[in-house]
Ligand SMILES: C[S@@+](CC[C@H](N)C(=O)[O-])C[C@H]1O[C@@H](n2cnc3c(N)ncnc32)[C@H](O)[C@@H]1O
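Coming up is one lone chain in structure tokens, specifically the form predicted alone.
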Amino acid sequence: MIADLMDKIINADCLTVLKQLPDKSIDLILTDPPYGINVSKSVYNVEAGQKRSHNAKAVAGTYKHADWDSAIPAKEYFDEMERVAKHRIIFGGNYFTEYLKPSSGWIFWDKNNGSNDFGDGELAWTDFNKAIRKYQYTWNGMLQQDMKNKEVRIHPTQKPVGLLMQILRDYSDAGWLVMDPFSGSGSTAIACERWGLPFICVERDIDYYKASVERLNDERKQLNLFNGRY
């Protein structure tokens, strides 16, 4: 079962996939579930660099309208992630405190947003017995940490590959199997691909699935061109 899923982005409800996996068969879950804040209605126009208040309407055509962020996932999703994974890093953990145990090992992502009405960053809950760690990675409209290799943003809550690579560097070991049950833009898959880590990613939305697979395939072409990992 696991061998059939490895190094792919799967189009499915992740609960169906999780239920098929053996206990503690995944070394690390690194994921970003829906926060239940209807973010697709209020993000920003990436191409034009126009920010919008979270209380304002989104610029038409920025991202497709969808209801995937209308509510947080049910408790069963979190129970299954705990069952199958040896370790978990869950972005937006502050929205899921009713499902997650207290932890000393939170991660703070400082987006270097400057002065605007967007938050300074995001929190990720982890089950690692570590101190709180901060990662600074610019992700502010058209401004990105790595301007020479700007990422095309295909999803309203897309995480930068560079940020996920830093987290994987510090929170995983060689050969670890990484899973992202809420794959979205496919950034986790690309970060794993660059580090040479096996992965299983799952995305339910067909449009984001197709776009993320295309993004992963483009990444693989680039890696093949340069004959190596990062």
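Sequential numbering from 1, following the sequence displayed. None of the values given here were measured: they were computed from a predicted structure.
Not on display, but discussed next: the form predicted together with the ligand.
- Remark: all three candidate residues (32, 182 and 185) come within 4.5 Å of the ligand in the model of the complex, counting heavy atoms only.
- Considering the ligand in the model of the complex, the lone stretch of 78-86, 128-136, 97-105, 150-158 in range is 150-158 [heavy atom distance within 4.5 Å].
- Proximity to the ligand in the model of the complex, taken as a non-hydrogen atom within 4.5 angstroms, holds for one residue of 202, 167, 28, 191, which is 202.
- Taking the partner from the other structure, the ligand in the model of the complex has a heavy atom within 4.5 Å of a heavy atom of residue 13.
- Contacts of stretch 99-115 with the ligand in the model of the complex, defined by any heavy atom lying within 4.5 Å, are made by none of its residues.
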